[in-house]
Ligand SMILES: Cc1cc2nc3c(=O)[nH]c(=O)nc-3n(C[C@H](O)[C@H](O)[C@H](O)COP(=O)(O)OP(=O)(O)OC[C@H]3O[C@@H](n4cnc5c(N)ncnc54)[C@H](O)[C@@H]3O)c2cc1C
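Next up: just one chain, as structure tokens, the form predicted alone.
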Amino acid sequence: MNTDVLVAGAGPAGLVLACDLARRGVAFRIVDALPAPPDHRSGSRGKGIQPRTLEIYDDLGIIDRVHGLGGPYSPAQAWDGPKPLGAAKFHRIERRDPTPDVPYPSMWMLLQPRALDVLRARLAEFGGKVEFGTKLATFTQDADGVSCMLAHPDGRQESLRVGYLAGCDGARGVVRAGSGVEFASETIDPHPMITADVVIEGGLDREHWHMWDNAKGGALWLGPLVHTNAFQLYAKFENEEPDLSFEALRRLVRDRTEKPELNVTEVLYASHFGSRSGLAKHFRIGRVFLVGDAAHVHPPAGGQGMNTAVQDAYNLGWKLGQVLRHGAPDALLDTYQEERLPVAAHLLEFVVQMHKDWLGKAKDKEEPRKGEHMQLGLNYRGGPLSCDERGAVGEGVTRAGDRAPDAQLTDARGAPVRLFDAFRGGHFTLLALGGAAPPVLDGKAGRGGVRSYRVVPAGSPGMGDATLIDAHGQAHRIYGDGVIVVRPDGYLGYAGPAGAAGVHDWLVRSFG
């Protein structure tokens, strides 16, 4: 093999996967057909980061950069022509206060080119880099690997032999087409739509997301883009084909807002886009994996597409690491499809229904962003890697397959520690709660693959460096008693009573 993994595509999914592989010491290459990294001219789509994705960025060590370069979503202001509809301004996207278990409770805006800059910088810190201008042209696979042909910008062709191929190259990419997998799709809304990033003069305030839902010719929205002087324009067309020229966009804003003082002075980006949904029948085809838009296509309502792609990458990354670096059986990679395909199908069903509901009513309410739609409540309960041997537990206690929440603790010296601090780094984390001592692990898991902590109430005897003090009972309310194993992607894999031998059996699946 020339390398273990080829990652095709350097969007959010490809970069997150590359970062995860790099920090695990997996040999990989990541290529992208674009000649250079995307900049502001590539547009602001994919800017909404859901809370669960923010938790991944925390684990990758980039949350401070993400917060510094982004900002919260603005409340929305509805308009009827030149008149605001009442004094009340509402939130399309609910803002919530942080809690000990959910430190990042609200969607965060970060323009996608900036997010990609942050991820590429983190990849460089891990020792990796994107090969821009390098396209995956063709590939074939056999039982032992994948033979790929790369096309370089100077016309050179390179033959590459890899263990696995990750298709992060989007809905129109080479990998899904070349895999031959069945892909079912449908049009959700037949009306043409456009999006554009525009600079507007004329006094439109930047504290609100401005919405003309009942404008003549179709809805128009203008939303301020954080840390820029631009607005994102969204427009739907009922009876005409969109014109993306500068003069047409200038006229569109004036006509639909009925505010002639608004003047588009610059168009940074403009594009047609459709409202389609689609799902691949398989996410794993032998040694080839479909990730993100290559596996599922979401309509724009709900802000799920990019975030689901990042979750795909995070699910796949640690599994490739265990197989390639720790001798886990290849069957572990089957669980990528077994876990992620049902999640993607569920989210597609939800978003499609949201979009259809939206077609029939004005947006005068908050969008429904309960736990699962912020991707916090999505789980793998009953899945192939979820084993819960505790029987009945208290109400609200997490079970195997659930997301592993945060909690505020202290270490044995009294310094504050978050559970997310214990999880951060891509390892497995074993928590022994309720007086249980951490079981002694042997084999590969015992040689550093799992970090173990004893979580105890304040004043408990026998505290050591691996003890976390749950002074306010947060961890015990969230996790209950017994032994918990948190997977590298932040989900509970195993939950059992103190002394249960099942934890060893569960770990063997991930360490061989």
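A residue's number is simply how far along the shown sequence it sits, counting from 1. This one's a predicted model, so the numbers in the text were calculated from it and none came from an experiment.
One more form of this protein exists, namely the form predicted in complex with the ligand; it is left out here, but the text below deals with it.
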{"query": "Candidate from 277, 337, 408, 195 lying within 4.5 Å of the ligand in the predicted complex - any heavy atom", "finding": "195"}
{"query": "Contact residue in the predicted complex, from 350, 237, 234, 126 (heavy atom within 4.5 Å of the ligand)", "finding": "234"}
{"query": "Stretch from 421-429, 255-263, 163-171, 397-405 whose residues place a heavy atom within 4.5 Å of the ligand in the predicted complex", "finding": "163-171"}
{"query": "Any non-hydrogen atom of residue 246 within 4.5 angstroms of the ligand in the predicted complex", "finding": "no"}
{"query": "The ligand contact in the predicted complex: residue 102, any heavy atom under 4.5 Å", "finding": "no"}
{"query": "Heavy atom of residue 495 within 4.5 Å of the ligand in the predicted complex", "finding": "no"}
{"query": "Distance check, residue 488 to the ligand in the predicted complex, heavy atom within 4.5 Å", "finding": "no"}
{"query": "Heavy atom distance at most 4.5 Å to the ligand in the predicted complex, all of 79, 222 and 242", "finding": "no"}
{"query": "Residues in 103-139 close to the ligand in the predicted complex, defined by a heavy atom within 4.5 Å, in order", "finding": "112, 134, 135, 136"}
